[in-house]
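In the form predicted alone, a lone chain appears below as structure tokens.
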């Protein structure tokens, strides 16, 4: 490409558009040749039920410690499919580019997208590119759609929590939201905070293979954090969930930054964590499986609570001093533009 920034003409559908696609976007993301570039992708036949998801990514800044908007878009889509128990097959990538975006930044994001897709063994099969005038977007937005296959008969959904289930998380939470916030605001901390942005489909595969029907609920606590996601599960399942404050895993730098900024880690976003409601007799095995996938050197997978038969969708936390605290959904906007 001759230009080092995105121009409005790159979205015209004419010569500049074709150069952008043929010289940068298509070779980087998929390598599909011109003869195979059509208005829709035709997928091969699969044996099993299909899962389908869509999401949009508007993170600010585009690049943050531990990740960027490119890998975030792939992993977020793959993880949404995984929470339904699906193996990811294919995704689409829609790009909304703002006039003036440096081509070098776009190239870096595209390379990250492709590397994340290769890591997840998911094909980028179709996409779209639009360019908007300066001030009409914020550098780059990405929309994705994902298709996966369920090659089992399990029914994994938010309404599946049952009294007695143990509530597990696969590691410390709050890292992603705080990494983005610290990067955006240019805060200087003693210890670096890295996003937990990572794919979860292999962990889910091992959980379902090892535990089968003992896995009742899988959810990734992204926007709104752990607290909001647990509240959603409690409401969908019409149960109560009681958390143990002393069991909640939070990395010390995240806890410290939250304390300084007046934030609660329970409401901070994550991009590489899952919550699972597991039958009590299988909880220990679930923890063992999660530990095999956990990075070294951080608080590991933990049982953080239990499902109770009380109706009404309540979530409460048993505090460190023995009291009970009601947990509600995030009210308002705690951390804008984190996914």
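Numbering follows the first chain given and starts at 1. Owing to the predicted nature of the structure, the values given are computational and were not obtained by experimental measurement.
If you look for the form predicted together with another copy of the chain, you will not find it shown, but the lines that follow are about it.
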- Among 249 to 257, 166 to 174, 103 to 111, 211 to 219, mark the stretch whose residues have heavy atoms within 4.5 Å of another copy of the chain in the predicted complex. 211 to 219
- Query: Which listed residue (244, 183, 151, 92) meets the criterion of a heavy atom within 4.5 Å of another copy of the chain in the predicted complex?
  - Reply: 92
- Work out which of 49, 314, 308, 293 lies within 4.5 Å of another copy of the chain in the predicted complex, going by heavy atoms. 49
- Query: At 4.5 angstroms, heavy atoms only, are 42, 129 and 147 all close to another copy of the chain in the predicted complex?
  - Reply: yes
- Is residue 323 a contact residue for another copy of the chain in the predicted complex, using a 4.5 Å heavy atom cut-off? no
- Tell me, yes or no, whether residue 5 is in contact with another copy of the chain in the predicted complex, where a contact means a heavy atom of each within 4.5 Å. no
- Item | Partner contact for residue 303 in the predicted complex: another copy of the chain, 4.5 angstroms, heavy atom | no
- Query: Heavy atom to heavy atom, is residue 195 within 4.5 Å of another copy of the chain in the predicted complex?
  - Reply: no
- Message: For a quick check, can you give me the residues of 207 to 244 that have a heavy atom within 4.5 Å of another copy of the chain in the predicted complex?
- Response: 218, 219, 220, 223, 224, 228, 232, 236
